[in-house]
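Form predicted on its own, single chain, as structure tokens, below.
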């Protein structure tokens, strides 16, 4: 009986099954290399996302206990609010909703002007760099300086430029354009603060857009330009009928990244104006920060705002991708 069992265990079918198992493990051994990244994502990514979703339905000031595994919510510091957090800043509370929609309006204005300004500045700059016979490497380094410089240093430099006795007002005074000066500083006047920030954002976004456009220009076949010139096409025709259509995919990438960065970013506003003067530069990201880590300290409200902002960014990205597909299919 024992010999029969030994023959069964050592039969070719069992050995083949064992070999197959080993082969499967060997073929899927690459999973072991990504397993640490998967664990990190599950702990610090997926868990925090679920935590934020659950938190958006509660009122919690950061004190007391709140957790989802296991679930714990200690009143009165933590109370279930349902959809009331969303209703508060969307329409229910007049003051709060007014500030939220005003901040969202500022985000929309920034997204439009920063995106258009980046394209208008970056495309001609990339074309000029592409035509430069010498010193392209040096020009690229100079253009990339805003990206490699620490953001906090850039923001403080621009803050000094915009001060009442700063560089911009001094230059305007030297040129005799005193009427254009901002006596209270460019960041201190309600009618100029927002567009002053937009200039800084364009200045910071142009380098990457220029590099992307330059890379796109270098993939265009030069014979297309030669053939168009032989047919008598002007420089404007070359730009409009050849360069711009072939750079459309690059433009879509620039538009999507620019809009997303404007809608989600708040660091520059936080450092330069903190939403002032009188909330004329307030953005949604800064409001989320204030509710999450500021004096108001309503983490449930901050989570609810962040998910509304995520939905808006997601919809904008989908619209951009749909426009891109329709243009490419046409």
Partner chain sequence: MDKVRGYVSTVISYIVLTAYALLSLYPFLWMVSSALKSNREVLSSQSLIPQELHFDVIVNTWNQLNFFKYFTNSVIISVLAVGGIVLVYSMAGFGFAKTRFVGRNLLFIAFLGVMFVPGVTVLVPLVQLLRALGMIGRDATQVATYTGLIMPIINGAGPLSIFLFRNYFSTLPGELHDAARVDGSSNWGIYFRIFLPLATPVIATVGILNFIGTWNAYIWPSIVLNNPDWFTLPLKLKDLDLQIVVQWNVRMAGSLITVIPVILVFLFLQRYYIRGLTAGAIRG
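C-alpha atoms forming the largest set that superposes within 1.5 Å between two forms make up the rigid core. None of the values given here were measured: they were computed from a predicted structure. Positions refer to the first chain, counted from 1.
Only in words, not in the display: the form predicted in complex with the partner chain, which the text now covers.
Student: Is residue 241 close enough to touch the partner chain in the predicted bound form, meaning at least one heavy atom pair within 4.5 Å?
Tutor: Output for residue 241 is no: heavy atoms all beyond 4.5 Å of the partner chain.
Student: Does the partner chain come within 4.5 Å of any heavy atom of residue 174 in the predicted bound form?
Tutor: Contact with the partner chain, no.
Student: Are any of the heavy atoms in residue 260 no more than 4.5 Å from a heavy atom of the partner chain in the predicted bound form?
Tutor: Residue 260: contacts the partner chain in the predicted bound form.
Student: Does residue 147 make contact with the partner chain in the predicted bound form, using a 4.5 Å heavy atom cut-off?
Tutor: Close contact exists here: in the predicted bound form, residue 147 approaches the partner chain to within 4.5 Å, heavy atoms only.
Student: Identify, from the list 253, 224, 90, 108, the residue with a heavy atom within 4.5 Å of the partner chain in the predicted bound form.
Tutor: So the residue touching the partner chain in the predicted bound form, by this definition, is 253.
Student: Using a 4.5 Å heavy atom cutoff, which residues in 113-128 contact the partner chain in the predicted bound form? It's fine if the answer is none.
Tutor: Counting only heavy atoms within 4.5 Å of the partner chain in the predicted bound form, the contacting residues of 113-128 are 121, 125, 128.
Student: Once you overlay the rigid core, does the Cα of residue 39 travel 2 Å or further between this form and the one not shown?
Tutor: Comparing the forms between this form and the one not shown, which are aligned on their rigid core, residue 39 does shift its C-alpha by 2 Å or more.
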